[in-house]
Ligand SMILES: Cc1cc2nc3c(=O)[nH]c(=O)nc-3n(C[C@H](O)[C@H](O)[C@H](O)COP(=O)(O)OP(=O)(O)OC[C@H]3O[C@@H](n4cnc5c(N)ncnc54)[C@H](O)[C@@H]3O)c2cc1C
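Just the one chain here, laid out as structure tokens, in the form predicted on its own.
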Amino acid sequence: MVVGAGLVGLSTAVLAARAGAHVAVLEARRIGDGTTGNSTAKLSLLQGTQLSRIRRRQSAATAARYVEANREGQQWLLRYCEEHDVATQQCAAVTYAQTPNAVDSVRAEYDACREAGLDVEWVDKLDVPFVNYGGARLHDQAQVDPRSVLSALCADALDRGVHIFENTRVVGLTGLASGHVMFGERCLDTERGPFRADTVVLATGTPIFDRGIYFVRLHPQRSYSVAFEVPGEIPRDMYISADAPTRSLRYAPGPTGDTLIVGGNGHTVGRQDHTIARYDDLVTWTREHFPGARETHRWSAQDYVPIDALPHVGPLLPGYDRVLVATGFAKWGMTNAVAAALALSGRMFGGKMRWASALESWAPRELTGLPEGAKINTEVGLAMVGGWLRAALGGDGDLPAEGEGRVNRRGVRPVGVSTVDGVTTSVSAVCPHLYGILSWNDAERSWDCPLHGSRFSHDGKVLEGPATCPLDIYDRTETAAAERSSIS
């Protein structure tokens, strides 16, 4: 049983079906609605400053195994795309410095890549219309439309007899694990009833079960992307800045010409006021450097950054291979996701990848992330206390305007009130996961938890994160007709 129909989940399902297993995939929403479908989908071994971040915490051998894992994931996916007529574009990947202060960070990434055997080159000045102070370039990388990949994997899985259930949210797992023994039956509880399985793979971004306390080992981040029609030339390589605010660029071919995709402006989920300003900043920056750029689409994605800089792939609990997990790709999920699927399928069917130790879900190398973990979880504690204090001091307040939301207080009860499409809805403002006070995300019109990244629609439905239960709804009120927004 695979929970989650993103790239990890569908790749694992296809690999397991190839091996002769009977497989079902449970997806809480629709295929493509999650992180994979909203990815910029760069299939690159040069990953911003990720390798130098790993190298600061881990040995050279571990960093090299991480690169090997990603190379195998990259090559598997490229072969798969070729075999299934999914278009890819070969191009170079570039990590660059926006300011002089970032040059050392890019140099550190260059050195880490060279040490790990990647043939990167240093470029003193990039031929692009935005300010830069040089960068590291790795040739012969690739990019892809992530939804086309998911469509191909879905069709392949169905052809191999995999059962796929969309709009089927898993809310619990019954059965008690102890060492290598499971007492009782492994049964996934869903909103549509129980599903029984021999082995369960959690491919849900962050694990939806608190066993293994992954929520304290991961840092949830949300980032933004905007697509533009641009007169004139669009850069043909994939770019990402080493310094903040992040600027990520790639082109996307289309039936009427190429589109420029600009992303970045990431932040911790639930801890940013006026998130719509993150989109606006990307639009302003793009129009400054690409005159005449016209916005066509905007979207956001959620990723999870591990405290030790390496993904967690393997048992949900130490030593127990009947419930497996893949998480912590730190915004580089296209190659890492396939590597995770290969590692998980190898574990399930008796194989062994020589690089899999770099991605283990339980390993002593995670101790190197303890200082980062302490910092992140101190911030979580402050967010918890601050949220409850603000809720205690809040009043009833006026009805929010269209597209706005706020946390009010009704007696001692924190209530989230928002107006969307002409309807004002009041829901519980307390996250059902670990009781953080939610904040309003005006860009996505959602309630986001500043503790561990759970997100809910304006009317309380679960969107993402470790939470599996919706918010209580207190009331709905019809207001004036919603003012419809349009992209100019």
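Residue positions are given as counts along the sequence shown, with the first one as 1. Keep in mind it's a predicted model, so treat the numbers as computed, not measured.
Beyond what is shown, the protein has a form predicted together with the named molecule; the following relates to that form.
Colleague: Would you say all of 27, 223 and 303 touch the named molecule in the predicted bound form, counting a heavy atom within 4.5 Å as a touch?
Modeller: Yes, all three are in contact.
Colleague: Within 4.5 Å of the named molecule in the predicted bound form, heavy atoms considered, which of 107, 278, 298, 169?
Modeller: By the 4.5 Å heavy-atom cutoff, the listed residue in contact is 169.
Colleague: May I ask you to choose, among 324, 334, 157, 136, the residue with a heavy atom within 4.5 Å of the named molecule in the predicted bound form?
Modeller: After the contact test, the surviving option is 334.
Colleague: To test your reading of this chain, name the stretch in 396-404, 196-204, 79-87, 287-295 whose heavy atoms come within 4.5 Å of the named molecule in the predicted bound form.
Modeller: Of the options given, it is 196-204.
Colleague: With a cut-off of 4.5 Å between heavy atoms, is residue 42 one of the residues that contacts the named molecule in the predicted bound form?
Modeller: Judged by the heavy-atom cut-off of 4.5 Å, residue 42 is in contact with the named molecule in the predicted bound form.
Colleague: Using 4.5 Å between non-hydrogen atoms, is residue 208 touching the named molecule in the predicted bound form?
Modeller: Output for residue 208 is yes: heavy atoms within 4.5 Å of the named molecule.
Colleague: Would you please decide whether residue 446 lies within 4.5 angstroms of the named molecule in the predicted bound form, comparing each non-hydrogen atom pair?
Modeller: Residue-level check for residue 446: no, no contact with the named molecule.
Colleague: Residue-level question: is residue 441 within 4.5 Å of the named molecule in the predicted bound form, judged on heavy atoms?
Modeller: No, residue 441 sits far enough from the named molecule in the predicted bound form that none of its heavy atoms falls within 4.5 Å.
Colleague: Taking only heavy atoms into account, state which residues of 390-426 are within 4.5 Å of the named molecule in the predicted bound form, ordered by sequence.
Modeller: Result: empty, none.
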